[in-house]
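This document opens with one chain alone, in structure tokens, the form predicted on its own.
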């Protein structure tokens, strides 16, 4: 039996749920009972460690785990030597600086002489150094957004997703230090057998991710409009065209990025497309 690859996942929260869901869609069965922190897949050489997300970059860099799923913000903050294998498209957020809404702000130099509260010490210090800003960094764990309101700091540096929490605490976002999403990372060196397993998993993962952003499109087109419609519909190679029972009509099938489709829907309808169906795809194997 092949030696199992160890993956580190966040032990709880939305990132954990999305990571387990992604692995499940790759056909890898993980049964986590009673909140266990170490489990093995039943049908793939994979062992799962459920950890604090802050610890994942360190565990992967040190080879305790072979791979891991974690936010880019923590890879950036921890500054450990890891390889980013794939961006995963979920847990999107940004690391930003926010100030009280009523405070004037004319750019990064407005932060000079201020106290900024954050959990992301290295990321903030890097930003201040790059912009030649002299400011005091105050480390705080949790509830960073309340710091200006209680006189602990003049500004904060924290993760932002919708911005609703900032608004609720009378803050506004003024600088974005980093755009972040979940990524699959790997330790710098893997044995050949483990790398083969990781490559197999990565192939499955990419097939699932490609399917999530793609849709299978079917539509009926009058034959005289095919010359207009087909150039609008790039498929995996090219659209499939099948004759309908009704003379003079064809059924066109293709795979397209959903965002591209909605941008072209008016053109397709104007060209004569009818009965347009948009179907989800489970996997796309390239």
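Remember, predicted model here, so these are calculated numbers, not experimental data. Residue numbers count along the first chain shown, from 1.
There is another form of the same protein, the form predicted in complex with phosphoribosyl ATP (PRT); it is not shown, and what comes next is about it.
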Touches phosphoribosyl ATP (PRT) in the predicted complex: residue 127 (any heavy atom, 4.5 Å): no
Contact label in the predicted complex: residue 100 to phosphoribosyl ATP (PRT), heavy atom within 4.5 Å: no
Contact of residue 270 with phosphoribosyl ATP (PRT) in the predicted complex (heavy atom, 4.5 Å): no
4.5 Å heavy atom contact, residue 92 to phosphoribosyl ATP (PRT) in the predicted complex: yes
Contact assignment for phosphoribosyl ATP (PRT) in the predicted complex, among 38, 237, 52, 33, heavy atom within 4.5 Å: 52
Phosphoribosyl ATP (PRT): the contacting residue among 134, 161, 106, 141 in the predicted complex [heavy atom, 4.5 Å]: 161
Contact segment among 206-214, 152-160, 107-115, 80-88, judged by heavy atoms lying within 4.5 Å of phosphoribosyl ATP (PRT) in the predicted complex: 152-160
Whether 228, 250 and 253 all lie within 4.5 angstroms of phosphoribosyl ATP (PRT) in the predicted complex by heavy atom: no
Contacts with phosphoribosyl ATP (PRT) in the predicted complex - residues in 129-146 whose heavy atoms fall within 4.5 Å: 145
